[in-house]
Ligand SMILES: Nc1ncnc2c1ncn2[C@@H]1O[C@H](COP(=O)(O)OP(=O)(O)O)[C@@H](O)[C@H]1O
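Okay, here we've got a single chain as structure tokens, the form predicted alone, with questions on binding and movement later.
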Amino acid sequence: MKTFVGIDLGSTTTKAVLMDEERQIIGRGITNSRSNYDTACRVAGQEAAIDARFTLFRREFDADGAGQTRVEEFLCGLERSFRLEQFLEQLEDLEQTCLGQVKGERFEKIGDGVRQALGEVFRRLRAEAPAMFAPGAVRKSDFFRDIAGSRYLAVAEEVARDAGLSYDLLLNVYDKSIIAVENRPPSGSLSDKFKRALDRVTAQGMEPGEELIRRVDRALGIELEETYLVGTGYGRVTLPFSKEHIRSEILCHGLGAHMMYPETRTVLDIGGQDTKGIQIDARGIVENFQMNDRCAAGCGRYLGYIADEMNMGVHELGPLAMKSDKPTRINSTCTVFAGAELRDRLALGERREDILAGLHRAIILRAMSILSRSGGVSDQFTFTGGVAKNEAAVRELKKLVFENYGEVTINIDPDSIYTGALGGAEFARRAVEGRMEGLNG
């Protein structure tokens, strides 16, 4: 099967989209962006390929109307088991990398004790891993570093105390190891992982039956040919592709929004490092745009900084801000001064939810200014980027758009974070289509 790949290398996350010849998205993948951009691209691409396999599974089962409850339960179980296999593989890599750090004069007398403690830490992590991927389990993140890191810190503290070792010592070993592991995409055969996942599903008492297994094998046998790839995003200059495979993030976001909502004329994208206001025509071609300056004020990184200041997760900011009925007036969205102003207002007794509501309003006011300079808001309007998942930001955006432009259709797709990668995949498809037309002409 021919596939067309779009890679969007953002400042905080890297996204990948696989599209087939019918312009159908068959796979999406996302990972934390790293200083090693080549790795980020490979990991996101691999995740998209894994997601594509599950799309192919569903196509196999739905081809003759076989999409019944039993099949869906089987596929959900298979995906959970596959993700567990993937996690355990990286956990093994992390353990071996940690053990490799235990050397030199510093560990001359306590090396054996540290190695035993690490062995116990990872034994416990492996034992509790299946519960994290059980039906109904809730994880705050699907990124290995986030899942493994939080549990390692908790378990290592207990083990260090029981072993009479310094907790900081085990923490230091982890800190030196996790970056190396994170910069190594999961190795091994995807096919082998799927087979082990099938074994797990069977061991859990879910008998898939010969017909289901046959269809899975048939879907696994479909080759996903990477016909053409286009990269874009904040870090596109550093992408490991030749120039003809790189497109502007403005062009990709405009085209991606058009593919999601063909009637779109205005696009607002708030990413980790920048905010973009884009005007497109009926074909998805960019007519005008504006971006913020180099300051990250009002972007995802800014919200991340606020979350750190308040000792909260970024995903918790929006729901707390939604509880406010009297937003605080924020004087600046400058990331440098945000912490100081936040602490001052908390010291004055202002409620956290009111401060956060004011911060969200300030962010959207800044975005509205960028939109105004790009040409304003036209119907239909599409909001994309990670911040589009923040309900408080969406609430303020809807208010301000109505106040300034009246009734406007506002589109927000649950997968809007992939908009740039989707545009890249379409550019890849068009590149091949144009090449073929040139040959036939």
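Note that the rigid core is defined as the largest set of C-alphas that superpose within 1.5 Å between two forms. The model shown is predicted, which means the values in this text are computed figures rather than measured ones. All residue numbers are counted from 1 along the displayed sequence.
There is also a form predicted in complex with the ligand; it is not shown, and the following applies to it.
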Answer among 218 to 226, 104 to 112, 299 to 307, 154 to 162 for heavy atoms within 4.5 Å of the ligand in the model of the complex: the stretch 299 to 307
Check: Are any of the heavy atoms in residue 27 no more than 4.5 Å from a heavy atom of the ligand in the model of the complex?
Finding: no
**Message:** Even though the partner isn't displayed, in the model of the complex is residue 272 close enough to the ligand, meaning a heavy atom within 4.5 Å?
**Reply:** yes
ask   = So in the model of the complex, does any heavy atom of residue 431 sit within 4.5 Å of the ligand?
value = no
- Would residue 382 count as touching the ligand in the model of the complex under a 4.5 Å heavy atom rule? no
Students should find that, of 314, 251, 148, 169, the residue having a non-hydrogen atom no more than 4.5 angstroms from the ligand in the model of the complex is 314
Taking the ligand in the model of the complex and a 4.5 Å non-hydrogen atom cutoff, the residues of 383 to 414 making contact are 385, 386, 387, 389, 390
CA of residue 263, rigid core aligned, shift of 2 Å or more between the shown form and the other one
no
